[in-house]
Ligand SMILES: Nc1ncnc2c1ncn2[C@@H]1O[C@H](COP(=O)(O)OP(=O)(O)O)[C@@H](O)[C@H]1O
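Okay, so here's just one chain, in structure tokens, the form predicted alone.
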């Protein structure tokens, strides 16, 4: 399960309130698209979910347990800029997550454990359409292939939450469509809860089963940092989730 609860959350920096009075209940398996104007706290909220930052007030709970205040294996993340290691092959990029998990001091597995991790990494690469490119380096790949590799990196640890920060912003229109199809298939198959920041409303409504709109409801013209943004609209698109789950079950 991967239910997310946000209770009375505030995020403040010196002389600036970024988020205020955020309350949210997200059932397991939702695909949440985070939309809103630039600077309204969407990426900050994503960093709070990741554990890179801690809220000033309130809390975030995963399956009714306080979210661990640092990035962990229960959360995978994909950024707009391809977060892959240029000196490693696709297979080496993906297996790295398992190696750090299984060998914290050496960062490398050996023997049967390494063979098992290699087989798992190869299966994940196959799932994202890179099965024929396991020994390529990122420089030998297109932008869409590198983003597929970044998604594979996030999936190898089988996270409960997948966090996406403008993951398709640098891709051309044709590649975006391919990535949409891939992401929706993986989301439905893996039963993850997804939070995706996007500035593209059409993208948010195309991919999401729920659209969360962030904006400021209080503004002080003399003190722009006095108030923060909150979730002004929480729009469930439940029929989309049901249709996708039936399609996956039929496969």
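Computed from a prediction, not measured in an experiment: that's the story for all the values here. Positions refer to the first chain, counted from 1.
Beyond what is shown, the protein has a form predicted in complex with the named molecule; the following relates to that form.
- Taking the partner from elsewhere, no residue among 80, 83 and 138 has a non-hydrogen atom within 4.5 angstroms of the named molecule in the model of the complex.
- Exactly one listed residue, out of 18, 24, 9, 237, brings a non-hydrogen atom to within 4.5 Å of the named molecule in the model of the complex: 18.
- Annotated contact segment (heavy atom within 4.5 Å of the named molecule in the model of the complex): 41-49, selected among 41-49, 202-210, 61-69, 186-194.
- Residue contact with the named molecule in the model of the complex: residue 233 places no heavy atom within 4.5 Å of it.
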